[in-house]
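To begin, one chain is listed below as structure tokens, in the form predicted alone.
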């Protein structure tokens, strides 16, 4: 139980420590901001629990390849979280990123 609490705390700290909105900002060689891809965002924020292929299931995370949720339900889960999954709305920073992430997760099926 203590290990589970420690792991959950470490996970939350790692999720919120990247930058002001939680997403690592990338720039090109001229210093211009580069929009992260859905895969970049997934790897940064989701793969620690869901794995790079969506099947990991760490800390009770669901296998995304087996999900039966609709696109609306997936988007809501990403935005608001559920159970051990924290809400990702603020971390992803924009509606465009949330939509991209929703589509990326749905393609894992």
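Positions refer to the first chain, counted from 1. Predicted model only: the values in this text are computed from it and were never measured.
The form predicted together with a small molecule exists for this protein as well; it is not shown, and the discussion that follows is about that form.
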Inset, instruction - Tell me, yes or no, whether residue 80 is in contact with the small molecule in the predicted complex, where a contact means a heavy atom of each within 4.5 Å. - result: no
Inset, instruction - Would you please decide whether residue 67 lies within 4.5 angstroms of the small molecule in the predicted complex, comparing each non-hydrogen atom pair? - result: yes
Inset, instruction - Mark residue 86 yes when one of its heavy atoms lies within 4.5 Å of a heavy atom of the small molecule in the predicted complex, and no otherwise. - result: yes
Inset, instruction - Answer for residue 56 alone: is it within 4.5 Å of the small molecule in the predicted complex, judged on heavy atom distances? - result: no
